[in-house]
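Single chain ahead, written as structure tokens, the form predicted on its own.
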Amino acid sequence: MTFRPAEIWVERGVEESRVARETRSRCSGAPVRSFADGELPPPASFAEAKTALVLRRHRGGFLQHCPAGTAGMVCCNYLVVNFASNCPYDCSYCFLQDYLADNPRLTAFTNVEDGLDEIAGVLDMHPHKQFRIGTGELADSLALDPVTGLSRLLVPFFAARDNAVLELKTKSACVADLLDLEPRGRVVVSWSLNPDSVAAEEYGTASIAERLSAASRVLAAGYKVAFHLDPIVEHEGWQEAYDRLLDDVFEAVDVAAIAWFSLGALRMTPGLQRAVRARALPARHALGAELVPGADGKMRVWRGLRVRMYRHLVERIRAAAPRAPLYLCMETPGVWQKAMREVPTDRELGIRIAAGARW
């Protein structure tokens, strides 16, 4: 579904920024309101925070290491850059319900050029190092693209760089602005996927069929694609459901154009569980699994079951796409060894995944 804001709040002083002008042009029917820093009224609820769009400057640095790189977990050396905060979609298990509880306004940052300058400085400082940078940590990478047109800035920037790969991670089908751009092998569009039974709790997102259709379109336009089976949710019939999902993936796209796969089990904190329950959002899968706490403070299904699920999916993926890099997100070396038969170093894993975009 294409998001359209009920109203637009624009911080004073950024009215003529490229993002603000583009958003006003693309959302000509939405009322536009002005505010000064510190004056923005709080939303009545987390759900209401997703209906309006705030345009404001980002204070502080843009580029940071992925917070999934927790001590004791195998890390893929992923970097994230946040050009937006929160998401118009409403997945039952989304960590933003807790993480952004105190600042939930759906926000697009207007000083994108400052972020690109920051990235350019890092890339220029390390010309012989390969970086993988994503925009999908605190927001869906493409859900706001029909409103802001951000990809029309990002794709040419990364296409001109030889030592970085941009990942645009999404649950949308909002790829129209990508199709006439030239990625030059430096941009990967990725989709988070779950069987239809679980995706039914990813409220407002594109259907799995629509996501795979969008993947086919960006492939035809010269992009690589990637897929994240994350969170993997244990439920009755999970094995057959994920088998059907992978069958659909391999039918929809050329496996030679898949840059990487990632697998990650459902993980929740006690705070996230409380947030989901407090919102009374239909969340049978998010709250129905039996989870146990881990050393990192997150709860997952017990280790033996995770290993079993990972092994099954790893075998299916490697049989169909043997050259595509495959990694586990936020898992311990012990789980890696049992599920993947290896424990790569963080540096080795980062290089391997970044290389997948260039095949």
Partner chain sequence: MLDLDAYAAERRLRDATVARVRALGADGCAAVLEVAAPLGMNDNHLRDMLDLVEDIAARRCTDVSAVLRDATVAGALRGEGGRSDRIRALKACLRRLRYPQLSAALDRIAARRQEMGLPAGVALDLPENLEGDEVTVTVRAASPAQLRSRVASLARALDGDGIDAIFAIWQEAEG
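It should be emphasised that the depicted structure is a prediction, and the values quoted were computed from it without experimental measurement. Numbering follows the first chain given and starts at 1.
Beyond the structure shown, there is the form predicted together with its partner chain, which is absent from this document and is the topic of what follows.
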>> Residues 289, 305 and 311 are flagged as a possible site; in the model of the complex, is every one of them within 4.5 Å of its partner chain by some non-hydrogen atom?
In response: yes
> Pick from 132-140, 220-228, 185-193, 279-287: which stretch has non-hydrogen atoms within 4.5 Å of its partner chain in the model of the complex?
Replying inline: 279-287
> Would residue 234 show up as a contact with its partner chain in the model of the complex if we use heavy atoms at 4.5 Å?
Replying inline: yes
> Can residue 18 be called a contact residue for its partner chain in the model of the complex at 4.5 Å between heavy atoms?
Replying inline: no
> Is the gap between residue 43 and its partner chain in the model of the complex 4.5 Å or less for some heavy atom pair?
Replying inline: no
> Would residue 328 sit within 4.5 Å of its partner chain in the model of the complex, counting heavy atoms only?
Replying inline: no
> Which listed residue (67, 334, 61, 31) meets the criterion of a heavy atom within 4.5 Å of its partner chain in the model of the complex?
Replying inline: 334
>> Quick check on this chain: which one of 317, 27, 49, 301 has a heavy atom within 4.5 Å of its partner chain in the model of the complex?
In response: 301
